[in-house]
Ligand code: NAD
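Next up is one chain by itself, shown in structure tokens, the form predicted alone.
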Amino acid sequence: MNFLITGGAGFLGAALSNRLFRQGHHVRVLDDLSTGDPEVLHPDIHFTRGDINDRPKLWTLLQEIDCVYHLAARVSVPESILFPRDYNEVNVGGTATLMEAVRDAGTTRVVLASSGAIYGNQDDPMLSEGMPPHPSSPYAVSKLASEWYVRTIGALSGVETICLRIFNAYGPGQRIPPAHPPVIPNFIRQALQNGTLIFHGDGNQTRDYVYVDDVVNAMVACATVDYVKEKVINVGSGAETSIRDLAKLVKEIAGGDPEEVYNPRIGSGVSRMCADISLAKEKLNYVPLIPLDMGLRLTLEQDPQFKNGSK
């Protein structure tokens, strides 16, 4: 098959791009390199540097493409609070631009990387696709709007669409930016360096951490699965882990004796999150294979950024 992956040089995008290429498919990648790195892609993958809102470039890349994976997005919740207009332009505007180009190019399937963040705070922490969304950040709002653009334009133009609500993905290759770093690689780095683990609130808030290879398994299944038109599907581990318990695991696995600092909670936040993955099991034959302790060990062992400081 022929694939276009937007944001394909980023953390999840590169893992997906390389997997599909290794399986013998033809892969094109579009990435603006705001966070991605083309060096992590197989050299024979067709890479194009460009913006998701560049419609002529999209049109060219979409020729003879069977399926598009749309991962190009800005993804930091705290950053989105500071720059909501930028998140709207890239995440929402870019999705609308892509769907226009898909419609006109005749591509038949689009898979959107959405987010579990769209649920926000719910009475039940086990989050299922039928719950009404309650986004609590501009990032979450942008992902919900992106879902509706994908589903609506897809339905109007005969394009099959799947929106994957991905929960807290982690694993080797996840970068640690200076501002608003993802919690798992940041905790590993701090543990290795005897630094500081910073908690926002009491550390009892929970998340569903899902290993990168499990996410890629679900995404790959979306390329050929039947009877999923306009479906929204959760992708997580199905396990709920508090930030405190995550920190304890990281310290056990990485070693070190980092200081723990508890700061006031930022904004309203989301208290508890866990993905109900029943639909993913039913529609995608999805079964998460890597539990959190194993995933943390694999991340520590396989990610080059931790090699010099590993215990």
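Nothing here was measured: the structure is a model prediction, and the numbers come from that model. The numbering used is simple: start at 1 and walk along the sequence shown.
There is also a form predicted in complex with nicotinamide-adenine-dinucleotide; it is not shown, and the following applies to it.
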query	finding
Region of this chain that lies against nicotinamide-adenine-dinucleotide in the predicted complex, out of 257-265, 64-72, 271-279, 242-250 [heavy atom, 4.5 Å]	64-72
Proximity to nicotinamide-adenine-dinucleotide in the predicted complex, single hit among 107, 168, 186, 217 (heavy atom within 4.5 Å)	168
Residue 60, heavy atom within 4.5 angstroms of nicotinamide-adenine-dinucleotide in the predicted complex	no
Residue 12 within 4.5 Å of nicotinamide-adenine-dinucleotide in the predicted complex, heavy atoms	yes
Residue 114: touches nicotinamide-adenine-dinucleotide in the predicted complex, heavy atom cutoff 4.5 angstroms	yes
Contact test in the predicted complex: residue 27 vs nicotinamide-adenine-dinucleotide, heavy atoms, 4.5 Å	no
Residues in 131-154 with any heavy atom within 4.5 Å of nicotinamide-adenine-dinucleotide in the predicted complex	139, 143
